[in-house]
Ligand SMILES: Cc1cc2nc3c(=O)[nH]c(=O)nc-3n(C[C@H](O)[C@H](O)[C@H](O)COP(=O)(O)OP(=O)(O)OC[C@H]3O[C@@H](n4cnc5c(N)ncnc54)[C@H](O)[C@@H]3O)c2cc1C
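First, one chain by itself in structure tokens, the form predicted alone.
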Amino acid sequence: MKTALIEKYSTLGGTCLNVGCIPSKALLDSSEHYHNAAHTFKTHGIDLENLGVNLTQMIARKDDVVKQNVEGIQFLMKKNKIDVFHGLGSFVDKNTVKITKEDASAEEITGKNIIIATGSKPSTLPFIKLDKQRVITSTEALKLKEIPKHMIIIGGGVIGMELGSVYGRLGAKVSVVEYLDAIIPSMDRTMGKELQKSLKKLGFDFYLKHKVVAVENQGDEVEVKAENAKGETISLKGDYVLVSIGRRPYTDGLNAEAAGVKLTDRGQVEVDEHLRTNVPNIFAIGDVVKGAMLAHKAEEEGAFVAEVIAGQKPHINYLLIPGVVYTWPEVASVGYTEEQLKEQKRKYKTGKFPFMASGRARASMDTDGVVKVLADAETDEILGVHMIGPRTADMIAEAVVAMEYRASAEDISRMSHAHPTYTEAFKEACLAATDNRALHI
């Protein structure tokens, strides 16, 4: 198919490559290296003197990682003969899109099928003024010129915990204000409890079940006021406030009504099970539609829609799209949470294995965390896998494969896992779920 891509910004790759997944992981890796050098190298027998943080170089390395990835996308566009247009794309009608460039000039292109993939932007609260200097979003947090003395994070979700980890490892005091009673609340609650324990060791303070009522920039510092369940107000002062309460679908300037495309009351593009809008030739994917706001979910949906347009019959099992938090320890999850199974009144078994009992984790000094397996009480089919520990972002793939093939906990427990590896913890958790047969606890 003849394909065109319209991109509002000057670089390709969207949020993930430019101001999301890739730059945050680059900074997470750099800050983890520094933290280990400062806190664990001596135990490993590595002596250092005059250890310091060169934040300018750290940010520059992050920018170079982004540049290389963006250039890779540009190469793929050329390789696949895709016409790239830079500018704001807005509908004229269901087959015509107007492209308005930075210099205000415009052109129109037409297409048989159109895919909306406009992503999302950081959300805020109505009374919070994002000045992008002291009161910032994740975008600004990726390019600070100094290490905060005290970073206050509004929201205990994935993005806040990752960026809080970056600056916490570099020496910042981090305070987290979360409206709900747990951090990373969309994941299995065991994961939030374990992550909170680990982040407290890093010096994090948590104010759970607190509602932010005011944020005031006072020049060199920002004051955040929050109320607890009893109506009592606390006041926190820091030099940076990171507003990290989630993201909203981005349809600004899309002019969807000109094409007759319906939006939901949450601002998402309304789609059916084939990701088709109410206008048959227009599809939508990624953060702008319902579901988890994950780059790999959007990638699956992009391939799905291309196959639908080509007349194929693709399928996505949304339950088996994994979620990951790239803190250290990492958190990874796929399938049902224990809370969801209880809500469904489904009978299930639980198997757990702590990394404290893993020989590989002891060798690398990464003993925080646990692997938790949920299996059907009667059939032993794996229903959910939740991991917090070293390299669980990579380990979760085994659980996804197992669940795609509807494996039982016993199936995994009978497979040989190399020793010593972190993945043995998954096998042991499956053994624990199979009549409590774990070997090493």
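Quantities reported herein were computed from a predicted structural model and do not represent experimental measurements. One-based numbering along the sequence shown.
Unshown form predicted together with this ligand; subsequent notes refer to it.
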Inset, instruction - Would you mind picking the one in A226, V305, L170, M293 that has a heavy atom within 4.5 Å of this ligand in the predicted complex? - result: M293
Inset, instruction - Heavy atom within 4.5 Å of this ligand in the predicted complex: which of L275, V222, I115, L254 fits that? Just give me the one. - result: L254
Inset, instruction - Choose from 204-212, 261-269, 83-91, 104-112 the stretch whose residues reach within 4.5 Å of this ligand in the predicted complex, heavy atoms counted. - result: 83-91
Legend entry - this ligand in the predicted complex: contacted by all of E330, F355 and P420, heavy atom 4.5 Å: no
Legend entry - Touches this ligand in the predicted complex: R247 (any heavy atom, 4.5 Å): yes
Inset, instruction - May I ask you to state whether L431 is within 4.5 Å of this ligand in the predicted complex, using heavy atom distances? - result: no
Inset, instruction - Please check if I6 has a heavy atom lying within 4.5 Å of any heavy atom of this ligand in the predicted complex. - result: yes
Legend entry - Contact of T124 with this ligand in the predicted complex (heavy atom, 4.5 Å): no
Inset, instruction - Using the arrangement in the predicted complex, list in sequence order the residues of 111-149 with any heavy atom within 4.5 angstroms of this ligand. - result: A117, T118, G119, S120, S138
